[in-house]
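Listed next as structure tokens: two forms of one protein chain, kept apart as structure 1 and structure 2.
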Structure 1
């Protein structure tokens, strides 16, 4: 797809009029999706899609069009030409945009991956045979993901990857289940089998009679996967320059005097170098390897899109338009994995959280549910699965005065989201033991 995209952009170079600049951003994928339920196939299929985002700029006026490409050169040249004419026709109706900013220093780059994924037949055979006899439900999503940038200044960037993400659950009964995932770039049958075995072992504990507890404050362990849900919510306006300047950030109290602070063990980065997403974005800027967001509990920096950079007169760090992170990295703590249960002593071992939202955004107080394998722990031993509970707690407790420890071991999680396209976001997180965690329902 790289040659195809570049040649289409070369064609576009020849269609521009004097004084015009274009920015072209390509996103494509060749995906195989196999949906499972009850260890059988529910919906299997393939999706091949290619999209071009074309931004036309003349002076300080600009407009954007997105187009599905067919992959046929003649058809796509015609579509791009029509789009270009339509965009050109819009420009006279637009005012100058004082916040327009795009990269004007050419920085080309190329990351080309090799496809090492198994073929669909072998994969399906292996999954079906390995999970036989279990109530297995989930999705295999795999294949190539292709991202490109080009502009009329001559910059060309390309990033391709071939990865898979098998996101699944083993169910015991009703809502009692073990959730797991196997994601990567090269399928390893032994590793897959090992993960299945581990999940089956956890499933045995879920077969014990479930316990219900009353609302109240409990000591909890939040696994890296559970913390991922908290960071997904925080990413919704938490780290962007615009939400901070417009006072909409849920982390506002880290910024406004008298400033609050989190626990000194909390250090958070946007770690692009360690992630799997492209390091370039749709205005042509290259992201730095790392952006420090929180250091030892204190706010340090924000993700800054080109538009915010112009509006607030700061330097962009190549953030996307929404200023959402793509590769968060929370520093490890010191708690050994073998000491989690003894530190918890009596409380709740939470593997998964679900459906988080703010109950008081200003106070960064969030609510959500426990889900899948959540266990009641007594005297440092898991004794029973727990029926689902609702929590309502502020981040200033979870990562502040109620944080007891972060684990030394961290988990690298590849985002399984497939809305519109397969996500290339990732996150690296430890687990956390938190005291007096509030459960409400």
Structure 2
């Protein structure tokens, strides 16, 4: 795909008129999908697709179009030519954009991954044999993801990644299920079997009579997957320069005087170097390997898109247009995994959260529901599954004065979304023990 994309952009170079600049952004994938239900294959399939986003610029006027690429050179050259003429026809009718900013210093790069994924049939046989006898439901998505950038100034960037994500559940009854996932770049049978064993152990606990507890404040353990839901909510408007300058960020109390701080163990990065997303974006800017967002509880920086950089006269760090993170990384704590239950002592072990939203955005107060395998713990032992509860709690308690410990072990979580394309977003998180966590009903 790389050579094909570059040759197509070389062709486009020869089609430009004086004063025109183009930015080309390529997205492609070669993916295998397998959907499971009741431990049987219900829908296997594969997808190969390629798309080109083309932005045409003349002065401070610009317009964008997208087209699907067939892989046939003659067909795609004709499609690109047609799109170019369509965009060219729009430019005279557009106003100048005062916040247009694109990379004009050429910085080419290349990241080419090695495919270490097993054959799909071998993988399928292993999954089916390992989960035999369980009500296993889930989706496997794996294969190559390809991203490229080119412009008429001569810049060429390429990024490829071969990875997999098996997102699945063991279902018991009604709302009781154990949800888990296994994702990575190289399939490890022993690690997969270990995750299945852990899930089966939790499934056995789910078969016990469920317990209901009264609303109130409880000590809780939030798994990395549960924290993932919290950071998903924070990511929309929490870390972007635009939302901070327009006072829409839910993290404003970390920014305005007197500044509020989080717990000193909280250090958060946008860690592009260790993620799976490309280190460049569709305006041609190269992302730094890391952007420090929070350090030892203190807010340090923001994700700055080129547009925000121009508007607020700051330097861009290559953030996407939405200024959402693609590779968040929360530093590990010191709590050993074997000490989670004893530290919890009496409280709630929360594996999953869902339906999160803000109940008070200015206070970064969130509400949502517990989901799937949530357990009541007594004397450092899991004793019963809990019925679904709603929580309502502020980030300044969860990661502030009520945070007791972060785990030393962290989990690398790949976003499971396959809408349009398989997602390249990822996050690395520990678990957290939090005191006085508020459950409302």
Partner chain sequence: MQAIKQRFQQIIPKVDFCSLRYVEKRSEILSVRQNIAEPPLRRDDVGVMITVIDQGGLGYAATSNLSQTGLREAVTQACDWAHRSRGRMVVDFTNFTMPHSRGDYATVVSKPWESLGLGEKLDLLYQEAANCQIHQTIVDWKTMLWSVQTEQWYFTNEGGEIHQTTQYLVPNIRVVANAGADTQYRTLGGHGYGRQGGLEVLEQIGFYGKGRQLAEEALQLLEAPNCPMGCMALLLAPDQMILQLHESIGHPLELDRILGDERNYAGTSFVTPEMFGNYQYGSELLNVTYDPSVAGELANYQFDDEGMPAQKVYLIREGMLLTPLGGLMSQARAGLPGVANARAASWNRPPIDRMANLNIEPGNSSWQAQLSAIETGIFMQSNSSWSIDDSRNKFQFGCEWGQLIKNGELTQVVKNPNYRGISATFWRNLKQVGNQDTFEVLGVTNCGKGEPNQAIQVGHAAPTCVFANVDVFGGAA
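This structure is a prediction, so every number in the text was calculated from the model and none was measured. Numbering follows the first chain given and starts at 1. Heads up, when I say rigid core I mean the largest set of C-alphas that superpose within 1.5 Å between the two forms.
Assignment of forms: the chain in structure 1 is the form predicted in complex with the partner chain, the chain in structure 2 is not.
Put the two forms on the same core and the Cα of residue 115 is off by 2 Å or more between structure 1 and structure 2. Relative to the superposed core, residue 101 undergoes a C-alpha shift smaller than 2 Å between structure 1 and structure 2. The two forms, fitted on the rigid core, differ between structure 1 and structure 2 by 2 Å or more at the CA of residue 124. Here the rigid core is superposed, and residue 41 then shows its C-alpha moved by 2.6 angstrom between structure 1 and structure 2.
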